[in-house]
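Next up, structure tokens for two forms of one chain, structure 1 and then structure 2.
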Structure 1
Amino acid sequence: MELLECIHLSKEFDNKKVLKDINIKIPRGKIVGLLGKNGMGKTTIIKLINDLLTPTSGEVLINGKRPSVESKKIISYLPERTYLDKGMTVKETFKFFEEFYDNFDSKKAYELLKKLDLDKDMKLTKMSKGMQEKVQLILVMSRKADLYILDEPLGGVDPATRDYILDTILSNFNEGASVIISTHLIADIERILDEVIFIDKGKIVLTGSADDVRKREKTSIDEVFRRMFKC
């Protein structure tokens, strides 16, 4: 059984089709890049997987079942916005995750916090957006999940943090788990990808193994992307 499967997935808002017949299969043990320009449907797919949107037609299956309490236990999701109660301190957010997720490793979270040089007693309201995003990344990566879904994790971060994010992804990654990374900044991450899925105007336009695409097109994924979307 596939870890994640999207079957004929479509989504409309006010009769406007934002996703058209998306079919995706993601097995365990893969790092998958969900690539596309902004506003082409990447986040919509991710929100459908996470039960934040209800499909107009088609379905999302996680381990063969629709989004449910079971799927939420095994998916660790980093959205592109800050979703924490800003009145909390970092320590309190760790406690919150520990209470709700059995697979949250708070020891690891504190280690990562130290590495990123953040103060555990600081309130989120006192933090810059960048710092808040780092806290969220720590929370998400400190869960021992089966599927990590990272929506634009590299947007607007400095190179040091970017390297740190890639390291964290690689060191957390294990054979039983898969990672989906949505981004339009491809050059930075393409070397860690197994598979790529190109999304344009709500449709999948290209999918395959990253090295196969490089071999076939004789150039980088980034370049293929630029040529295809002329950006």
Structure 2
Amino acid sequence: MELLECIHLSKEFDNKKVLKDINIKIPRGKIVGLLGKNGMGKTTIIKLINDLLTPTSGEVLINGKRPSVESKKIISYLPERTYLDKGMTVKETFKFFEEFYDNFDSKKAYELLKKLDLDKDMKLTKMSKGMQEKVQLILVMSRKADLYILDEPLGGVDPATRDYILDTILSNFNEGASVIISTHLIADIERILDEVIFIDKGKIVLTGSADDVRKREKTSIDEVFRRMFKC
């Protein structure tokens, strides 16, 4: 059984189709890049998987079942925009997650906090956007989940920090779990991807293993992306 399946998934807003017959299969143990320009449907797919939107047609299956309270327990989701109370300190957000999620590992969270050089007593409102995104990433990666979904996790951090964040992702998700990373910053994440899904104007236009795509196209995933989405 696949960890995640999207079957003939479509979504309309105000009679406008933003997703058109999306079919995705993601097994366990993979890091998958959901790649496309902004506004092409990546976040809509993610919201459907997380049961934050309802499909117009088709379905999402997580471990063979439709999204529910149970599926939310095994999915750790990093949204593109912060959802945290910025009046809280980092320590208070950790406490909140510890009380809310049975699978939150506070010991791991504090270890990551130290590695990313953040102060546990600092309020989020006093932090830069990049620092807030690091805190959110720590919260997400400190859960013992089956599926980690990261929507533009590198958008607000400087290039020097991106490699460290990728290494944090790579070394902190559960064995047998999978990670979906939605991004348009292909060059930064290419080295960690097992599979790629290219989406354009609500349709999947290319999918496969990262190595197969590179061999077939005789170039990098980043270059494939640039050619495909050239203005």
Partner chain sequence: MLGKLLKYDLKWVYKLIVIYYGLALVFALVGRGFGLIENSFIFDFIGKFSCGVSVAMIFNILINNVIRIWVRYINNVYKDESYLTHTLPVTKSEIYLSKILTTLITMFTSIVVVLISLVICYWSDNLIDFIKMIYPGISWSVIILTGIVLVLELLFLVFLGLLAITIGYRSNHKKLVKSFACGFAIYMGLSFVSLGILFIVGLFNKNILDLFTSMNPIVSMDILKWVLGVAAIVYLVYIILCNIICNKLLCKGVNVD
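C-alpha atoms forming the largest set that superposes within 1.5 Å between two forms make up the rigid core. By convention here, residues take numbers in order along the sequence of structure 1, the first being 1. This one's a predicted model, so the numbers in the text were calculated from it and none came from an experiment.
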Kindly point out the structure, among the two, that is the form predicted in complex with its partner chain. 1
Once everything's superposed on the core, is Ser106 shifted 2 Å or more at the Cα between structure 1 and structure 2? no
Once you overlay the rigid core, does the Cα of Thr56 travel 2 Å or further between structure 1 and structure 2? no
Per-residue C-alpha change between structure 1 and structure 2, Met127, threshold 2 Å, rigid core fit: yes
Shift in Å of the Asn174 Cα between structure 1 and structure 2 [rigid core superposition]: 4.2
